[in-house]
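Just one chain is shown here, as structure tokens, and it is the form predicted alone.
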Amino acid sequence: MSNRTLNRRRLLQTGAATGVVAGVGSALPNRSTFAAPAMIQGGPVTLRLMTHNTLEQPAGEFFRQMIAEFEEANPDITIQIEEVPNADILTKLTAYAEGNDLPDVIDGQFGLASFVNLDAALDITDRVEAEGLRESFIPVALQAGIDGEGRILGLPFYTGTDALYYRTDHFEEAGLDPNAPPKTWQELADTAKALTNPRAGRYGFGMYGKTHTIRVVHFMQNNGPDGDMLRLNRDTGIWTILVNSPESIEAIEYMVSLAREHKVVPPNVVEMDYPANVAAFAAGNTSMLTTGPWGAQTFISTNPEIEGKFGVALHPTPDGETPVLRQGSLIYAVGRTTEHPDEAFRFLKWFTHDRQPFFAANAKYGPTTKAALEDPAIAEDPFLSVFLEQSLSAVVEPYEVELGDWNRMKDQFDPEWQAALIGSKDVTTALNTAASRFAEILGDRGELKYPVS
């Protein structure tokens, strides 16, 4: 029995398997023959779709194809696309929520917590149950759209953990074995040092110093039981603050050492957001980078010459053991103020469920449906198989799903992380400051486990 078969079975263990969705295996980049089921309309309807995915390549083209297919089969429904860069999605959503004028279908790039905090998403639990959809999603993917009260507020479009991408051509140039990527933190540091050549404008490791800094959680989580941002006690409803735990501090000190001691990350690290890191890896300015399954095709679309020159491996851990990582699912929701909830849900179901296998197989983004796991184009993909393996031990962090104040707290963490990166604060001081601000935001819903002075 292959590891891929075993992985698929284990991913399906926590939910009853459903029949295979029509169109699975449709991995051709040409126009699909899968037809959106037509629906009798009471009149022309325009649905506003706020998304960043159409801006990504090549994924955006596949998404647009799916939208066009839906419109063709539903001629009385027009999808009005509002493209917003992912870094601006939350700002846009906040403005729409305050104006009580939410798009009909909304990109949840920022996570479920802000949907909850802004009361922006329509409760679609009954609709999901009526369509029998709950059991056809991979449980860990669907969990990202379920709030603390058990309401389904969104459906996942794609999912994935972070893994380590590395330039095999750079490994060969440095005399390293491209079939032996680093597994431990020490190996990651040593490999990054061997790959770094500042005179050539090349650094061994790319790091998120501007946005997407939540990715540091992947290092914190694997450094001991208290390595994390927060932990929820479901019996009491109290959030224990762990961002300044010894394990969290040690993990951040390791990452800061890559920047400040070993100097294996670009010197402008605090300016490096996701697009900048993608561009640097694709151009050959960095040799290793952690990101999700969407990374492979994004790198190739950024620089086609990179195809065949990079690999992917499990995320490094302190001791090389299998990583435990946060599972990041991108959800989409129906806007609470929509005047067309039935049509909006129908479209939402179309692209997140019915055609998700097609999207995952072509865009190479992480599958969210059980049907997608059976598509050979997904199951046999050498990159996606690594992410499927990591998903077996992945977790959905409660604070990202259930805590309405999470984005406010993340906004307090980010500048402290940056202060540590540039050396204006030592790591302990920076994380103690973050912990104090977490406590202020949480009030009597939070408790400090570790002293902040």
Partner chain sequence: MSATSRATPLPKRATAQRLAPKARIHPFLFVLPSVVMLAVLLALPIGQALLRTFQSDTGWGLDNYVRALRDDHLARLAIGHTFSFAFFSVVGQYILGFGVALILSGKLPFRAMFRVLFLLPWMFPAVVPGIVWRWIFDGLFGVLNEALYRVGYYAETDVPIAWLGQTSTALGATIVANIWRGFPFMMILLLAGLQAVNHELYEAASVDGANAFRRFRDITLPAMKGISFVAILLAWIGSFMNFAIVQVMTAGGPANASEVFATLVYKNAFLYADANYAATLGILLLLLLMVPGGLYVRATIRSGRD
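What you are looking at is a predicted structure, and each value in this text was computed from that prediction instead of being measured. Take the two forms, superpose them, and find the largest set of C-alpha atoms that agree within 1.5 Å; that set is the rigid core. Positions refer to the first chain, counted from 1.
What comes next is about the form predicted together with the partner chain, which does not appear here.
Remark: Glu250 does not count among the residues lining the partner chain in the predicted bound form, judged by a heavy atom distance of 4.5 Å or less. Contact annotation for Arg336: none of its heavy atoms lies within 4.5 Å of the partner chain in the predicted bound form. The shortest heavy atom separation between Tyr165 and the partner chain in the predicted bound form exceeds 4.5 Å. By the criterion of a heavy atom within 4.5 Å, Trp239 is excluded from the residues contacting the partner chain in the predicted bound form. For the options His340, Arg134, Lys210, Arg231, the one in contact with the partner chain in the predicted bound form, meaning a heavy atom within 4.5 Å, is Lys210.
Note on contacts: among Asn285, Thr317, Thr196, Asn74, the single residue with a heavy atom within 4.5 Å of the partner chain in the predicted bound form is Asn285. Judged by heavy atoms within 4.5 Å of the partner chain in the predicted bound form, the contact stretch among the candidates 342 to 350, 125 to 133, 269 to 277, 169 to 177 is 269 to 277.
Scanning 111 to 136 for heavy atoms within 4.5 Å of the partner chain in the predicted bound form gives Asn117, Leu118 in sequence order.
A movement of the C-alpha atom of Gly175 falling short of 2 angstroms is seen between this form and the one not shown when the two forms are aligned on their rigid core.
In the core-superposed comparison between this form and the one not shown, the C-alpha atom of Tyr96 has shifted by at least 2 angstroms.
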